[in-house]
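Consider the single chain below, provided in structure tokens and representing the form predicted alone.
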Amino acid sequence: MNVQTNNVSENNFEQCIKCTICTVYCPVVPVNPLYPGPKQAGPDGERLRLKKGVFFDEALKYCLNCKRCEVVCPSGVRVGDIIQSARLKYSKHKPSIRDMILASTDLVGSTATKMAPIVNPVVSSKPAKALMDGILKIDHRRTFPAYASETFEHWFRKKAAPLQSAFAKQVGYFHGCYVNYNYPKLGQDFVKIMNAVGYGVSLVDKEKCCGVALISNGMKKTAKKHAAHNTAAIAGLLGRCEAVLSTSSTCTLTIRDEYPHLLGTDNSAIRDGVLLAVKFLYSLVDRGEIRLVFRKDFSMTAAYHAPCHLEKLGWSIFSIGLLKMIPGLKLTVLDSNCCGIAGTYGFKKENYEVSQSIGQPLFEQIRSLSPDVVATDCETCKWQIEMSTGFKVMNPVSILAEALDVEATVEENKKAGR
């Protein structure tokens, strides 16, 4: 029998001290007995896989790649990256038609937005859901996000782009697939805020999907192409912008950390310049470089959910800090829990029950609080929470935009010479 042998690991499994804290904090282990847990699937399994590739266990597909194991690891082991790298390297499972459809966000999104008035009611209909369940194995209970009739990029070119050169200070914007195809308003809210505080906005040239769905569905070759293109495009933009910002926690994490760790793409020239918008804004306020003025009549109760990938970045404090600056907002920070969707993971029929079970503690806490809105920085968390609880979910950037007194903010910053 031919076996695959290796003697080099691209990850730091040697730092594992076998304390198993990663397994304790894994959201999958308590609800799916088929998953061996991050310690066994990650560092322990890597030791065996380096000897013989036949030791790879297809059960690694149950990993959410939520990174919670990496957040709690006392030794800084990239447990989630070890698991995802092993899946990309050793798995014999080829992406199915379903996997390719779910991962091809640009292709599907660009097509669907052109026919949104037809696509949205069809995809949400019971017959279509039954067909997708039976043929593609996309669970019929899953709700798909609606597609916009106009992409964010089209709106930006038509309405916003001509105005941006008037600003002396500039930032770039990596909007992501969700903003472009599903919810352009979030991108519009971002532009509104940045313009109000004196920053012009430029888009990443011919931006491609960050690649997170491609990675999780085993399409590494295409993901590497996206990573190379985005890295070069962002580098060009950073030459004339202070930073390239995103309103998606997952896009930000993927570009900063998964490009080098999982795809072998050198992003050292851009990594520190790619930031989540809330971090950039909070830093400007904290340094006294800008001032935000809020509407006196604004009133809202909100419950903030920190997405797993944002916890990995360590940046949820910036979203919470900005929201706490709004006088009319009563904020509750929810317990640290995974919502369970993990991008395309929760759409797959074989994962649906696990996905919902993982998110149950979060859903129950939201219902007990009954806020006006739930705030979160992740688009797929938004889909999961809205579908599972019925509560409206907003990105912190959109809440800031709604609460902001734009005219007063512009005047205040002009007066102070900011």
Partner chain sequence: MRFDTVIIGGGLSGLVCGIKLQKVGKKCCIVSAGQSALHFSSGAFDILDRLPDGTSVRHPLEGMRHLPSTHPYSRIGQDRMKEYVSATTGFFADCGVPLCGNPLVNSYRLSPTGDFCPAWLSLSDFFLIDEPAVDPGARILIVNIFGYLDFNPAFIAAGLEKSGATCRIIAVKLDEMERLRSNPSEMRATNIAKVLDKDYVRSELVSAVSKELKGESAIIFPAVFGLESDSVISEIRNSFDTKVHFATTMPPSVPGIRTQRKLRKHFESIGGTYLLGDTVDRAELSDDNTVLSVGTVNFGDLKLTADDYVLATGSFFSKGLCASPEKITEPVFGLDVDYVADRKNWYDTDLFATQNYISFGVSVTDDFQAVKDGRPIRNLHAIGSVLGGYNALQEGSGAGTAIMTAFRVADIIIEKEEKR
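Everything numeric here is computed off the predicted structure, so don't read it as measured data. Positions refer to the first chain, counted from 1.
In what follows, reference is made to the form predicted in complex with the partner chain, a form of this protein that is not presented.
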## Note on the structure
Within 4.5 Å of the partner chain in the predicted complex, heavy atom basis, the matching stretch of 377 to 385, 57 to 65, 345 to 353, 26 to 34 is 26 to 34
#### Entry: the partner chain contact in the predicted complex: residue 279, any heavy atom under 4.5 Å
yes
### Query
With a 4.5 Å heavy atom cut-off, would you call residue 315 a contact of the partner chain in the predicted complex?
yes
#### Entry: 4.5 angstroms heavy atom contact with the partner chain in the predicted complex for residue 120
no
### Task
Check whether residue 39 has any heavy atom within 4.5 Å of a heavy atom of the partner chain in the predicted complex, and answer yes or no.
yes
### Query
the partner chain isn't shown here, but in the predicted complex which of 274, 215, 194, 73 has a heavy atom within 4.5 Å of it?
73
### Within 333 to 371, the residues that have a heavy atom no more than 4.5 Å from the partner chain in the predicted complex
335
